[in-house]
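The chain below stands alone and is given in structure tokens; this is the form predicted alone.
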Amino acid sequence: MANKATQLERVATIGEITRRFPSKIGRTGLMKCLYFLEVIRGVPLGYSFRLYTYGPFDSGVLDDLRYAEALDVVTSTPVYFSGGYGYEIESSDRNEDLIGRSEEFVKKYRADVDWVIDMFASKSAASLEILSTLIYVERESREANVPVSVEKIVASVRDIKPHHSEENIRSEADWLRSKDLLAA
């Protein structure tokens, strides 16, 4: 198993995602990109994701994001809308410096970052919430040796996320299956 990333390597990964993302990314999007990198692609970031309100979550991601902001690697701007607020995160001019200091790690996992961006950059935060929760539920079930099927996974996610329709959850599960990311 590869060594876990240092905090600077994780911050450089955040910088690489924000630098290369085709638009500004929010906190939910960033959290899910890092989740997919670690859980699906095996990038040894060292996070420990648990299920939370908007899907898999690790407060360490927010700590690393704050550190990235303090190093002026990224900027985070609050955005207000009718249902509340969120954040837009974008790369700053100092991003290249930090990526250069962690160049070996960033280069090693650049194809994985490419993959995550290609697969998920067009997805909304709500979609990423469902997609990551589907993957989380499937993996947790498998680790507990609980038989899984798409129907069981969709039903579990619907129980966890009643604000999302079963039809929408099933559609996202079908999308994951079409990409060979959901084994059930």
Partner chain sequence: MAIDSDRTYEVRCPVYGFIKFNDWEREIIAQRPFQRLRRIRQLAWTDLVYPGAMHVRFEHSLGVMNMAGLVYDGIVERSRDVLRDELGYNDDGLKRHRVLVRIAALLHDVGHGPFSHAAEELLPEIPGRQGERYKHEHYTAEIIRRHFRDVIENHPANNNYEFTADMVANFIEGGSGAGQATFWRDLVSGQLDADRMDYLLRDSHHVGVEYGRYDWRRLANSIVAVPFDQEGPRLGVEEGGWHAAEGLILARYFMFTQVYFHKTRSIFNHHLHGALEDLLPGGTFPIPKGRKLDQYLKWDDWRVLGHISSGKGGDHGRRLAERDHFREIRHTQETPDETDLDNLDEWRGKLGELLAAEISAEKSWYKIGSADVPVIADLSPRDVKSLSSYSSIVGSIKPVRQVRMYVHEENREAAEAKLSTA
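Numbering follows the first chain given and starts at 1. Since we're looking at a predicted model, the values are computed, not measured.
One more form of this protein, predicted in complex with the partner chain, exists but is not displayed; see below.
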**Prompt:** Any chance L30 has a heavy atom within 4.5 Å of the partner chain in the predicted complex?
**Reply:** no
**Request:** Would you check, heavy atoms only and a 4.5 Å threshold, whether V154 touches the partner chain in the predicted complex?
**Result:** no
**Request:** Please check if R66 has a heavy atom lying within 4.5 Å of any heavy atom of the partner chain in the predicted complex.
**Result:** yes
**Prompt:** Does L131 reach the partner chain in the predicted complex if we count a contact as any heavy atom within 4.5 Å?
**Reply:** no
**Item:** Of H164, R170, K24, R20, the one that lies within 4.5 Å of the partner chain in the predicted complex (heavy atoms)
**Value:** H164
**Item:** the partner chain in the predicted complex reached by all of S76, W115 and L181, non-hydrogen atom within 4.5 Å
**Value:** no
**Asked** Does anything in 38-57 come within 4.5 Å of the partner chain in the predicted complex by heavy atoms, and if so which residues, in order?
**Response** G42, V43, P44, S48, R50, L51, Y52, T53, Y54
